[in-house]
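As a starting point, one isolated chain is supplied in structure tokens, in the form predicted on its own.
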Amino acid sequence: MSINVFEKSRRQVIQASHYLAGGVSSNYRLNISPTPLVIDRAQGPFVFDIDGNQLIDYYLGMGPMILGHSPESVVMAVQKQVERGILYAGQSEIEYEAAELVCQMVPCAERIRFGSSGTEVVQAALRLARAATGRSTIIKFEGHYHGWLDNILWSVAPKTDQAGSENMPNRVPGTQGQDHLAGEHIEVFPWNSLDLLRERLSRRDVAAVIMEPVMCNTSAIHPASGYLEGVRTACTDAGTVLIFDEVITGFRVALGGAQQRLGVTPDLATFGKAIANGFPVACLAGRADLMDMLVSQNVMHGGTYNAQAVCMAATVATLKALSQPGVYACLNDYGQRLMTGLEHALLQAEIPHQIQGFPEIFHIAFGRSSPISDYRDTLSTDKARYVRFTTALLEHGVRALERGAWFISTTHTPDIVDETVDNVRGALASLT
């Protein structure tokens, strides 16, 4: 595969920064090595940048593109809906169809509400939990990400000298300009430490425990054996609402999300990303008695673009495609083939590493040869060397996230995976 330099992208980002701050619309797209890319188009497992490079894409829009880029079924559904209308400030039958599909698929989903982003629906979940319990305290976990708003962006990636003790982490703000009072009712705990959480919940004054059921924003860390089950029981006993943030895992690791795959049902759960294959759709799902408080107790939830008709058409098309027989078996097979190929290539290159997660979403860390079990473990990985690797990968025709996550789509067929592994070997050789 012939790769041009990325000079056009570099120049375009610099030029755009005169009117678009940093040349990007999200800080997560800043400072990518060798430059943030400017994408011209995308199809299947590929993106094509303005320098003319064709890249096998494992960003997949940061996770949403589970059917690959521009899948025909989603494109056709969206085109058909655009002709019928875009935004109604009212309900639509396609919205009801989408809601029914989610309720059929997700174990906790007795009722749902749609939103536009994971950040938004997390806020709705926290508000419902506080309204239902009459309590204020929210427990979150070190290294877990639940959106960028002031009241929840705490201890997502704290530095070692700020993090505090392992058993009693400090509450560390995630950004300059954050309102410190907004975190007054947030308590931060280490993940996978059940006894500590049980003891805290026994005081019966916590409104909600919110967590990623699998830590996909920080490596791809599985819960310890019995941990989710223990948290579920402790929350029930304490009258605390258990919230799973499934914005990444939802509809990706199983049709019913991580809660279905791992067999633990929360009270509320948030979804986004893969639910609509790249369209801005999120949803809050949960127990009927909690969700109905949005009506019976007038717990406020709103949004001009909630359940926008074109996005609902994309949601229905995506969920119907994912529900077809064999889809998740293919995702599992493709992802496992890639994980195995990457493992062999890294071993051959004699690079210490750890690959973990699900075949549909996994993580690679350099500088470590044992499993990563919590946020503190990630601090010992060789992130700088991994960035050099992803930079070399770009030059060999593969686009992978610098933070180590790899997302698989239904278009990453065995031939694409094998080409990826060959290109990885070339990238690794260029590092030595």
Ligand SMILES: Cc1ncc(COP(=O)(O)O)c(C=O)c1O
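Each residue number is its position in the shown sequence, starting from 1. Computed from a predicted model, the values in this text were never measured in an experiment.
A second form of this protein, the form predicted in complex with the named molecule, is not displayed here; the remarks below concern that form.
Only one segment in the set 220-228, 118-126, 326-334, 166-174 has residues whose heavy atoms sit within 4.5 Å of the named molecule in the predicted complex; it is 118-126.
Proximity to the named molecule in the predicted complex, defined as a heavy atom within 4.5 Å, singles out one entry of 209, 247, 317, 109, which is 247. The named molecule is not shown here, but in the predicted complex it comes within 4.5 Å of a heavy atom of residue 146.
Within 4.5 Å of some heavy atom of the named molecule in the predicted complex lies at least one heavy atom of residue 273.
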